[in-house]
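Next comes just one chain, in structure tokens: the form predicted on its own.
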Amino acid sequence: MRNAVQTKEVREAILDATDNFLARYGYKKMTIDDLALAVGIGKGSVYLHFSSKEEIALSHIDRIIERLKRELTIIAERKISPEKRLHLMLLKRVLFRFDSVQHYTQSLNDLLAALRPKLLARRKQYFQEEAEILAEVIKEGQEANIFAAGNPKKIAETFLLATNSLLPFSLTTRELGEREEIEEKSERVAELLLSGLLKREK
């Protein structure tokens, strides 16, 4: 059991170091030697956890999204109205990403340009997984006669598309603006989307 814990701790430490190196130097300048030195392990030990620098960088992004999905699930399970939950979830998906990379000087697209095909494939999967979490809340709201009818997954995907412009993909967090500005824009988009989803009285 201790071995499993140590393995997880080393893996997390490598990903923490990856975050620091990506922020300071970018993907191209980051090396396995740098990561090993930062974590205090041999270069060979890094390869016990990851097969390549590419896998490390992509696993770092995966970790951000796994943490986000946990946050979204916590909100989805709260004992508040479906409308309020969706509102909070839309804000969370934007601000969590912003906060996770706010110390980066490059956009994620520029930072990981060498990994673009694999990053795009992963991003598509991320959005599908996020959509599934939102869709459950939308379905619940429809069953409670709060939200208008429609395919919950398709509605969720539309909500994600509408908020994607606020995510730090092609722009750095500095180019996107101050956090308060991003939060205010996210609020407006969320309110607009939810107003279209609410069931109208005939």
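Computed from a predicted model, the values in this text were never measured in an experiment. Note that residue numbering follows the sequence shown and begins at 1.
Omitted here: the form predicted in complex with the DNA. The next part is about that form.
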| query | finding |
| --- | --- |
| Proximity of Met30 to the DNA in the predicted complex, heavy atoms at 4.5 Å | yes |
| Non-hydrogen atom contact Lys43 with the DNA in the predicted complex at 4.5 angstroms | yes |
| The DNA contact at His60 in the predicted complex, heavy atom, 4.5 Å | no |
| 4.5 angstroms heavy atom contact with the DNA in the predicted complex for Lys53 | yes |
| Interface stretch in the predicted complex with the DNA - options 64-72, 156-164, 143-151, 43-51, non-hydrogen atom within 4.5 Å | 43-51 |
